[in-house]
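One chain comes next, on its own, written out as structure tokens in the form predicted on its own.
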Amino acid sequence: MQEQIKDADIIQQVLKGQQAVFSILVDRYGHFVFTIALKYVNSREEAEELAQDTFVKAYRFLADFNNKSKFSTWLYTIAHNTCLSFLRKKQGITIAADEEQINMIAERSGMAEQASHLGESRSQKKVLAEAIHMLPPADAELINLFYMAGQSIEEIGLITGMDANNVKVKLFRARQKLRSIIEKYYRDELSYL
């Protein structure tokens, strides 16, 4: 029954004082937000904490949601900003995967020598996720938003603060980098790409 209630209706009920109804949105988008957070941090505990912080902020600023975009897009923006703030406070740096890091990751996980056996032990989806994880965070975010979260170019622009043309260019470049990683480390496993 909860799946039949639209996000906008739930939001209106919460804004009218029925705070408990917000739990439907938490149930509906909890895994989505947790997955976003997990892409920024390697700890499940930190990801759970970031997801919780995201929902607290969403609840606090629910009146600011204007229904011009999907609720999931607005929520993603909050999650994205919450995670970035956390990383800035924790590390003070932005992590980018350069050629040396990619080689180190490949050597450490045995991908360079065992590329032909990798597809037998893991699904293509998992291998693709590993390749995306090797991208610089900004590129991985664009790939995940467009292909995994199904956001449009305009929605990605709202989330990231870029104009649509800039999103298109950066998404194109991110796809090229991903293709290079796949060709270098996962050619046999993901030859269909």
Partner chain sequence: MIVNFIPAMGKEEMEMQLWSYIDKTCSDAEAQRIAALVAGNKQWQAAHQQLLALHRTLTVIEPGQPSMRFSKDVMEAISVAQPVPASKSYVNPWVLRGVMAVFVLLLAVIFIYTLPLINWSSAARPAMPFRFDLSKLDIGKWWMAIAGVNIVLLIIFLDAFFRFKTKHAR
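Owing to the predicted nature of the structure, the values given are computational and were not obtained by experimental measurement. Residue numbers count along the first chain shown, from 1.
The form predicted in complex with the partner chain exists for this protein as well; it is not shown, and the discussion that follows is about that form.
Novice: So, a 4.5 angstroms cut-off on heavy atom distances: do all three of 26, 64 and 182 pass it with respect to the partner chain in the model of the complex?
Specialist: Checked in the model of the complex: all three residues contact the partner chain.
Novice: Is the gap between residue 69 and the partner chain in the model of the complex 4.5 Å or less for some heavy atom pair?
Specialist: Heavy-atom contact with the partner chain at 4.5 Å: absent for residue 69.
Novice: So in the model of the complex, does residue 35 come within 4.5 Å of the partner chain, heavy atom to heavy atom?
Specialist: Although the partner chain is absent here, residue 35 would touch it in the model of the complex, with heavy atoms inside 4.5 Å.
Novice: Contact with the partner chain in the model of the complex for residue 139, defined as at least one heavy atom pair within 4.5 Å: yes or no?
Specialist: Looking in the model of the complex, residue contacts with the partner chain do not include residue 139, since no heavy atom lies within 4.5 Å.
Novice: Is residue 159 near the partner chain? Define near as a heavy atom within 4.5 Å, in the model of the complex.
Specialist: Residue 159: no, not in contact with the partner chain in the model of the complex.
Novice: Using a 4.5 Å cut-off on heavy atoms, what residues in 143 to 173 are near the partner chain in the model of the complex?
Specialist: Contacting residues: 143, 144, 146, 147, 148, 153, 168, 169, 171, 172, 173.
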